[in-house]
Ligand code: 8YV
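The data below hold one chain only, encoded as structure tokens and taken in the form predicted on its own.
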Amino acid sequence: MAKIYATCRVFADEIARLRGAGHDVQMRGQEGPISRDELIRSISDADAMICLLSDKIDAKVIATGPRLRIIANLGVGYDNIDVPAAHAAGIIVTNTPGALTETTADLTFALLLAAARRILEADEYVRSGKFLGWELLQKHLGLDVFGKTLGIVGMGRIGTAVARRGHFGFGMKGLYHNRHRNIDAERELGARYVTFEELLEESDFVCVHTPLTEETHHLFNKDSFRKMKKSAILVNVARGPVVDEVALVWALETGEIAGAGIDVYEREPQVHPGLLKLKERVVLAPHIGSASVETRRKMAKIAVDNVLSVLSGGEPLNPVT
């Protein structure tokens, strides 16, 4: 019998699968970030761990779990885990690629549309009793989306899914910047590969779908925002530190860009106070890119499948290399 520790609540039927295989499952019942001390204490005798993107699994934490055989991360990203340290300790790291592609693409467009058409501002206006009837020059005039230019930074699974929605659903012209050209996206969607600077200069909407690396940290800074159209809207559902939040607040306050839809934050769960004050064409979400019932169930199933396979002596289904 192996001990499995989950740093968060997991769907009951998935926990039942683990226990049905004869494993001892300990699951954290509290919400919110787990403390470092609690994490270290909980994995000291664990054979497997199921964790969140918000859990910082560094080399020192890994060293306190001498029995760990697998760390199953609930998410496609894994910058929260020191993967080289895990591999050096003989620990397999897995993620949940593919499960959240379409849901995150949906959320990207929800933020894009909400910011462009000022949905949250309009909702508050109606609820506060200020709506007096239709006017030509209404208070909440927004920006058109159909037929505009959509710039995708990071043309992987999610970026391609967003480009597909823009192309087929909204007749948008697609630009993208990526480490490598995505020929399939070019053929299917007519997307055009451009430099990062060209994308900033030509796009009406810039959507961020790149992983967090040393190269992409603060990729969006004051210089980047100066190159964007003043009518442009930025949407970030990738990783918070890709965007310099101080620079973003500056760009929004000074009118360097028109708006933003943000789902991830530089020092999550903290949000820059300046962002909280901005309400005009600014939409903030609490990291809900994958937050649909169906998708979160898929993610949990994939994580559990990986744990069961490794603990039974098999190969991981979704290894991080």
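Numbering starts at 1 and follows the sequence shown. These numbers come from a predicted model, not from an experiment.
One more form of this protein, predicted in complex with the ligand, exists but is not displayed; see below.
Among Leu100, Val206, Ala163, Ile81, the residue placing a heavy atom within 4.5 Å of the ligand in the predicted bound form is Leu100. Only one of His272, Arg28, His287, Arg281 comes within 4.5 Å of the ligand in the predicted bound form through a heavy atom, and that residue is His287.
Looking at 135-143, 72-80, 197-205, 246-254, the stretch with residues near the ligand in the predicted bound form, meaning non-hydrogen atoms within 4.5 angstroms, turns out to be 72-80.
At least one heavy atom of Met299 is located within 4.5 Å of the ligand in the predicted bound form. Although the partner is absent here, Ala59 lies well away from the ligand in the predicted bound form, with no heavy atom inside 4.5 Å. The shortest heavy atom separation between Arg239 and the ligand in the predicted bound form is within 4.5 Å.
Although the partner is absent here, Ala258 sits far enough away that none of its heavy atoms falls within 4.5 Å of the ligand in the predicted bound form. Residues from 38-55 that approach the ligand in the predicted bound form with a non-hydrogen atom closer than or equal to 4.5 Å are Leu52, Leu53, in the order they occur in the chain.
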